[in-house]
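Here's a solo chain for you in structure tokens, the form predicted on its own.
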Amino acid sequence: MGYPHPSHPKETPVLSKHFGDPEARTFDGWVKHGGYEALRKAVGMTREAIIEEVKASGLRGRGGAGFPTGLKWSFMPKEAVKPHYLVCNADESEPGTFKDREIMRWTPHALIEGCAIGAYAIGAERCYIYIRGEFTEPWRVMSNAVDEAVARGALGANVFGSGKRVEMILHRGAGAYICGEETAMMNSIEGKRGNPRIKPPFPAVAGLFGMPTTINNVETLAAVPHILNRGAEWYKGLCLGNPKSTGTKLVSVCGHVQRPGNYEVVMGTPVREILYDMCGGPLPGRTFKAVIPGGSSVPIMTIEEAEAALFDYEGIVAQGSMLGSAGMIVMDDTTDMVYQIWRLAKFYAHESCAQCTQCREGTAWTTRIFERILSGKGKQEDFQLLLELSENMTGKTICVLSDSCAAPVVSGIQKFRSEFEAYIAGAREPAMAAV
């Protein structure tokens, strides 16, 4: 459920306004709420005008990278001499992140409308929405919504009588984390093993089926209709001082807070407000210890760093981490940081596609070293070994899965070394049996 935060006068719930409203799931309900007006407007505009409006809004990718959306669209060839494709990344497999599924569950037509606008803007007549296999309810809701949109003329060979064609295909994943990476996702859609591809060529040159392709996140595309309806200047005004991070952002908060859930905030909101005002602070008798702000693949922040941070792309970087997918994992003073970092490393070792040696071996070795430490058999040399493994996993593989494993390991050692030392010195009871 979305919980918009009312404390800032500029803020109006945008993406989460109709979360929890069953009527918004239907075509007629969405039209009643102003839906599909943006698509009707878009098919009467030039593709270049749509891209320029999205550029002017400052909308950045909400899936993790934060790349400017309009700029990304502009990379596509101007003339569609061969098929172009839009792919919507609805895999949402990043631990701690659960916002995109809420968009699909409650406002499926917002995503369909955004996809249709994006497809037309980049010269694509076909859009694929790649939905995580475990998303049973979102899959059902999206399937019904696409059928409705086709029947009512919002999709198909003649979108709202404009002569423009936009077809939409839902593709169901099979539970592989790696398929959230854009090139692995394209391989999966093509029926191949979901291994990432070497870049270049980049998707805008040779992507899905070897054709020019753009990949955008669910939240990114769902924001596009609002921008066309209300204008780039309105969207740019939804920020608290940083013109590089505009609009509202859905943040998924889980862990040791009193009110976990999805919240929609204006970019630039202090993280302290999210943790204490919106989420109710720590559980009774406890204090916060650490926060992972952008899903499990970004560096861990101490609570002091988190409390000093502003919730936007630059604000989180300034405190040593990344906004990523905005999956905020909160840990209190009862947390065994060594054990939790081991769990993250084990996840990445399990999800590695094993294509790159540094990732396949590095994530497995990292996991085994953590198990040695947690069983009370750790050595001082393990610190340097873990850091060297992380160095050899960072920036040296086809995709960033191994980097994602290294990020919590390195930041964990830097900021919570005393907890590692306690295990190595025998001052803490082993958390697992000897390995």
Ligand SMILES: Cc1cc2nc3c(=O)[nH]c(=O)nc-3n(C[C@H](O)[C@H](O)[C@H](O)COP(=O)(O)O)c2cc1C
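Sequential numbering from 1, following the sequence displayed. It should be emphasised that the depicted structure is a prediction, and the values quoted were computed from it without experimental measurement.
Omitted from view is the form predicted in complex with this ligand, to which the following refers.
- Look at 138-146, 302-310, 315-323, 172-180: in the predicted bound form, residues with non-hydrogen atoms within 4.5 angstroms of this ligand sit in 172-180.
- This chain is drawn without this ligand; in the predicted bound form, the residue among Ser74, Ser245, Thr220, Gln340 with a heavy atom within 4.5 Å of it is Thr220.
- Of the residues Gly58, Gly378, Gly35, Gly64, just one reaches this ligand in the predicted bound form with a heavy atom at 4.5 Å or closer; this is Gly64.
- In the predicted bound form, this ligand lies within 4.5 Å of some heavy atom of Glu92.
- In the predicted bound form, Ile215 approaches this ligand with a heavy atom inside 4.5 Å.
- Using a 4.5 Å cutoff between non-hydrogen atoms, Val400 counts as a contact of this ligand in the predicted bound form.
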